[in-house]
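To begin, one chain is listed below as structure tokens, in the form predicted alone.
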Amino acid sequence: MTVAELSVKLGAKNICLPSPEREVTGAYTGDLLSWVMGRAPADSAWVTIMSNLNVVAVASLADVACVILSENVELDSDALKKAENEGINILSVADGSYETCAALSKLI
């Protein structure tokens, strides 16, 4: 499934979508950035409530397909600029991380 397709199925808001056709092959959730950096699988959808510059850096290092900000978290303006420059897909959903992961488990 592509990031664009996933976004539609989750009813997500597209915050930054430079690579909508990127394939999503799994999912990961976590808010401790150092933990995510070493454990999130490449091409996964990463669910988090974190929304700063470091999220974009970790997403790039882990090579995730997209970041999904749960609970309507907004990305700060510096992080948005960095995501655009780095080509990182970022979505936002109203649901909490648990509900988002439960939905992802049915979709992927």
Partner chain sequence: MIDNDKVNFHFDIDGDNFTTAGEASVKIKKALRQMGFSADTIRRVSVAMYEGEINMVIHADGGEADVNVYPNKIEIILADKGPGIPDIEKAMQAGYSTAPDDIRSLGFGAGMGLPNMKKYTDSIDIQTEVGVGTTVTMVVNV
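Fair warning: this is a prediction, and the values are worked out from it, not measured in the lab. Positions refer to the first chain, counted from 1.
There is another form of the same protein, the form predicted together with its partner chain; it is not shown, and what comes next is about it.
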Consider Val47 of the chain shown here, and say whether it contacts its partner chain in the model of the complex, taking contact as heavy atoms within 4.5 Å. no
Answer with yes or no whether Gly26 is in contact with its partner chain in the model of the complex, where contact means some heavy atom within 4.5 Å. no
Does Leu80 reach its partner chain in the model of the complex, with heavy atoms at most 4.5 Å apart? no
Tell me, yes or no, whether Ile68 is in contact with its partner chain in the model of the complex, where a contact means a heavy atom of each within 4.5 Å. no
Is every one of Ala4, Glu21 and Leu107 in contact with its partner chain in the model of the complex, taking contact as a heavy atom within 4.5 Å? no
Select from 43-71 the residues with a non-hydrogen atom within 4.5 Å of its partner chain in the model of the complex and write them out in sequence order. Met50, Asn52, Leu53, Asn54, Ala57, Val58, Ser60, Leu61, Ala62, Asp63
